[in-house]
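The chain below stands alone, shown as structure tokens; this is the form predicted alone.
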């Protein structure tokens, strides 16, 4: 049974562990290092996993090590673990903005490393993660990582590291785009006379239903939109209003801003270390 170590026991680590245990992984495989006693007690009670305040104890003998710490402390944590991580272990970083070159520098040039960009719906096992591996990651290790992230949603490999920034713009930041639209729909629904709870329920269910249709249909999203949009009808009027204000252009600008910020963060973290 392979050992999996989590360095950091925050929300992302917790949701990954919960999903993994619900999908065939065993609590005995997992050890979590976290400085706070309260968090360690919570993880032990919720999942039955081993915990420790010592990062070195957690990674000893681990075949997969998930670095689930804040980007600002990633360099210090990774460098502290140099020498404690097995040479053939796989290291997974879930920190936004921390580049592979920096991870390789801190951990050693020959370490197998995967950069992962999950998102917050992972907490309810509907996450979407982008993955990028360096040349030292083998096929078996890739399958192991796929199993871990598929336990909390879906995962996709990208061909080069720069595309992780695109993943951030699409799925990493994406949930907030939908929440913003849902906020607006609920608010306008109330302005049109619906009670607050009714506007909220209708908005959430409509978002869920549209997503489920997109998942289950053989039609693409453009075709699904046209299917709902009868010529001369109410939906056509609404879509025309969106298009007059160049909604696609707004998304393009917003998502490019996310990419630009991701690149700036990577440069900032690299300069700090």
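Residue numbers count along the first chain shown, from 1. Everything quoted here is computed from the prediction, not taken from an experiment.
Absent from the display: the form predicted together with a small molecule. The rest refers to it.
For the candidate spot formed by 10, 68 and 96, every residue has a non-hydrogen atom within 4.5 angstroms of the small molecule in the model of the complex. Heavy atoms of residue 34 reach within 4.5 Å of the small molecule in the model of the complex, making it an interface residue. The shortest heavy atom separation between residue 123 and the small molecule in the model of the complex is within 4.5 Å. Using a 4.5 angstroms limit between non-hydrogen atoms, residue 73 touches the small molecule in the model of the complex. The small molecule is not shown here, but in the model of the complex it comes within 4.5 Å of a heavy atom of residue 118. For the residues 77, 199, 182, 170, the 4.5 Å heavy atom test against the small molecule in the model of the complex is passed only by 77. Only one segment in the set 237 to 245, 210 to 218, 34 to 42, 57 to 65 has residues whose heavy atoms sit within 4.5 Å of the small molecule in the model of the complex; it is 34 to 42.
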